[in-house]
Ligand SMILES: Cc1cc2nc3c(=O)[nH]c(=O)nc-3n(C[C@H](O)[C@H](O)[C@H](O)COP(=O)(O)OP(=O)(O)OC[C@H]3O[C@@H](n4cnc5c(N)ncnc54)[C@H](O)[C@@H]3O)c2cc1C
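What follows is one chain in structure tokens, specifically the form predicted alone.
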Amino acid sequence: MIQRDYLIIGGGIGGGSVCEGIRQHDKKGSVTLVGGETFHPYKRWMLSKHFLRDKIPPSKKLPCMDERWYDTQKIEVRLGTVVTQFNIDRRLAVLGNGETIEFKKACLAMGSRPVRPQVAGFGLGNVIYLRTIRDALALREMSQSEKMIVVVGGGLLACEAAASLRQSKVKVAMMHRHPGLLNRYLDPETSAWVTEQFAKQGVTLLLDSSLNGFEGKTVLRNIQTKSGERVPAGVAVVACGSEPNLDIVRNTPLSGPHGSPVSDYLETEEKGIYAVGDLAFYPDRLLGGMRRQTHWENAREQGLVAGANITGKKRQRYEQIPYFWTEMFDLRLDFVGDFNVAPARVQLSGAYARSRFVLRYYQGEKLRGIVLCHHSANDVEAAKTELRQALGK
């Protein structure tokens, strides 16, 4: 049996950052990182942006840290490996190859997986769920020969993928069940403006269209809407949300309906077991309530905090203003704060016509979120400070 001080399950940025946090405070403890992909932790956010349109190889630009870092830090990395069983009481993890790791402390960082709509043909060839390097490589190759690619969805990933494909001179259509893109995060007027930018770039918009199924024998031929329309497509990119990878802890206290519940130290109710990134359902000390974030910056920061806390040599709360950003065509949007509830009032500074503005979203008289279009990193930091002050934090 293999014995380790720390077991990190998940090879994304969350897991990699936990390793980094551990080594900042414990130079000698034995660490094993187990990841299902065959790549070291990398910048997953690039897959729908630069990687998809710039044709860069996986070995360039994507890694978060040089692979040699793990060797020099004496961190064992097991790639292409999954954990099939996780025993909380005995502190044991069984790997796909049958080996067992006995651990003192562990961190769950398995991330999330794309939601696969339960419709006919969701598993056909050429229906892509963009999550990994392999998915992005397959999509890049298919895009070189396909006449039309349909992106199903209207959120961040869908918009980024559609923009990148269109910038690569591919004909792209977007099918979205709502009348405007990014409607989950933006007010109706701004959503309509973003939608208009996609139309100007030549993206065919199939809005207010609900997916009914994918048609084809082995590979995709058409996409059917609930209204009965058939849209010809050789490739579909499905971006209809994600769900946390909690299968190995299902039906345990480590799994809940909204993720893995953790304290503000990112520790589960099982002492010595932590959760970060797309899994962690954590108390938001600044905006209030419980929250699960599915963005790269969140996983990165949580990993560093959990890595420090798991060593027992530093104890710090996770306390961050939620933040994420997106890049589509020549647009750059930064989101600071809470966008889970539609704003009661919107304050616009700047102008849509110049593609440079700031939106402030209010619930009653309380500022809850700030959207910046084409602003500097300093402006983003100033927005975080403004929101903190508005919250009295």
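All residue numbers are counted from 1 along the displayed sequence. Keep in mind the model is a prediction, meaning the values are calculated, not measured.
Just so it is clear, the following notes concern the form predicted in complex with this ligand, a form of the same protein that is not shown.
Under a 4.5 angstroms non-hydrogen atom cutoff, this ligand in the predicted bound form lacks Gly153 among its neighbouring residues.
Proximity of Arg53 to this ligand in the predicted bound form falls outside the 4.5 Å heavy atom cutoff.
By the criterion of a heavy atom within 4.5 Å, Ile9 is counted among the residues contacting this ligand in the predicted bound form. Among heavy atoms of Glu37, some come within 4.5 Å of this ligand in the predicted bound form. Shown alone, this chain has one stretch from 213 to 221, 289 to 297, 193 to 201, 233 to 241 that lies within 4.5 Å of this ligand in the predicted bound form by heavy atoms: 289 to 297.
Only one of Leu207, Val115, Ala138, Val82 comes within 4.5 Å of this ligand in the predicted bound form through a heavy atom, and that residue is Val82. Exactly one listed residue, out of Ile101, Val170, Met142, Leu130, brings a non-hydrogen atom to within 4.5 Å of this ligand in the predicted bound form: Leu130. Using a 4.5 angstroms heavy atom cutoff to this ligand in the predicted bound form, none of Trp69, Leu254 and Ala308 count as contacting.
Residues Ala109, Met110, Gly111, Ser112 are the members of 85 to 119 with a non-hydrogen atom no more than 4.5 angstroms from this ligand in the predicted bound form.
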